[in-house]
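To begin, one chain is listed below as structure tokens, in the form predicted on its own.
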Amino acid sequence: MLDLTLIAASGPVAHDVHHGRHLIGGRWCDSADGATFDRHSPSHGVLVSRSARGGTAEAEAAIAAARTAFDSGDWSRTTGKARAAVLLRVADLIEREAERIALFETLETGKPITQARGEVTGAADLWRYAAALARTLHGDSHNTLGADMLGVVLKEPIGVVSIITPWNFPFWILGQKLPFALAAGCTCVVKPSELTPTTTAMLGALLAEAGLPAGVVNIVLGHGQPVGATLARHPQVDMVTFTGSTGVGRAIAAAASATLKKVALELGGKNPQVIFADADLDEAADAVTFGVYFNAGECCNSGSRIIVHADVADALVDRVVALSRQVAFGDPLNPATQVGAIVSAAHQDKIDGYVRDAVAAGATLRLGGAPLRVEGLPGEFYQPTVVCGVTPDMPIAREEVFGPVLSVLTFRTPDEAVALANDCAYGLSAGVWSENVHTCLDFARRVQAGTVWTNTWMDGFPELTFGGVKQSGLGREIGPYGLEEFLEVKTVAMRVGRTRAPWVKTR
């Protein structure tokens, strides 16, 4: 018998199957060819949603609607006050519908219901923060160019934005993009993952109820081919923002390059936590345990790679293994569950493959390393897994496993720790644990990452901008810099009075 904390099925699932449709130009519609696709719960196996499967025609119609809405100026040239008022109403409506949204988020992703509730209400806070930015948006002026010149720098909405979101945090990540694009005055076409389309469609209804003009936000349900590809390459789209795998991000950047449109990419991560010998090992162990199992490890910020000083490695791993046994895996609909299901059987196999390959290459399993059966549930679950003896050349140390799997490496010197942390194609986030502030600051300045946490992991706030370096992406989300992504800068040079000297000398 496994010495783990498991939560069996609570009982039958009570829900209505959601029937998703496209939102184009303010109207809900099915696909022209009548095509649909189904999503079954990865934890419970039940049918969760049946959605219209969009094609090129639906994507192009949505882009045309967004283009018309932008060019009309009903949203792009309205006041910051008016935009903020709509965004604030959306936030209120999200909170009103939070329980229903969270239920479908849990059923389609397999994540715990308690976590889904937190993400939905947290998304409402993102909408409120974006509303505040809408009213404080401003450019610059230059009055030192001479008595006869005044320079003004304007910040204007970039135009039509394609938003392509992933399956692991469908509602939250949309909240990191859409309200900021709207605060800037952009119009949008949104394509959620085909694995998790429902909560995005639900948000569309709330946008209409909040009074957003028709065509400002359009939603097309379907697959990356052809919908996502069309949204990336279409000449009437001014910008595409995507969250997902680095491989798909490269394809989107390539498609967008034909029209040189702006691209913002939030991609993969292989995020290191470096634990120095003087760290508080109890606090570090708890944070490491949270970092690797949160969202079943299906998280770009997953703390899946720890780099521990050799003198304390055994002590830290012992603590992490003991805590891992106490983390509640099981039925996502039980509020006590902390880790739910893996998103699909194919992804489960991919996770298991990384673990088996590492063991074959000489790594050792301290815990887990196999699929997990949960009583009463037919879905995909994976055991909490800790892999020691990992070397930097192993794929499990370098590639994104995207599962509840922790890789443990060791170091002796600060330079070695930094080198190991940076020895990766990714640069999304990193962490450092030490009681010495100088050690933390030195690491924070030398590590190649968009976010660095010191003596904590994955604390986030709407005010703090998020994004990666290297192959973790381009651009930034949330915070004031997240708004800047959706703006173009325009310079206006104004001559005061009739002071310009003639270029042509008249006779």
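The first residue of the sequence shown is number 1, and the count goes up from there. Keep in mind it's a predicted model, so treat the numbers as computed, not measured.
The discussion below concerns the form predicted together with a small molecule, not included here.
Trainee: Go through 388-396, 122-130, 94-102, 263-271 and give me the stretch that gets within 4.5 Å of the small molecule in the predicted complex, heavy atoms only.
Mentor: Going through the listed ranges, the match is 263-271.
Trainee: Please tell me which of Gly303, Gly215, Gly244, Gly185 lies within 4.5 Å of the small molecule in the predicted complex, judged by heavy atoms.
Mentor: Contact residue from the list: Gly244.
Trainee: Can you work out which of Asn168, Thr289, Ser434, Thr410 has a heavy atom no more than 4.5 Å from the small molecule in the predicted complex?
Mentor: By the 4.5 Å criterion, the partner-contacting residue is Asn168.
Trainee: Taking the shortest heavy atom distance, is Glu194 within 4.5 Å of the small molecule in the predicted complex?
Mentor: Although the small molecule is absent here, Glu194 would touch it in the predicted complex, with heavy atoms inside 4.5 Å.
Trainee: So in the predicted complex, does any heavy atom of Phe466 sit within 4.5 Å of the small molecule?
Mentor: Answer yes; at least one heavy atom of Phe466 falls within 4.5 Å of the small molecule in the predicted complex.
Trainee: I'd like to check something about Gly224: if you look in the predicted complex, is any of its heavy atoms closer than or equal to 4.5 Å to a heavy atom of the small molecule?
Mentor: Flag for Gly224 set to yes.
Trainee: Classify Gly228 as contacting or not contacting the small molecule in the predicted complex by the rule of any non-hydrogen atom within 4.5 angstroms, answering yes or no.
Mentor: Gly228 belongs to the contact set for the small molecule.
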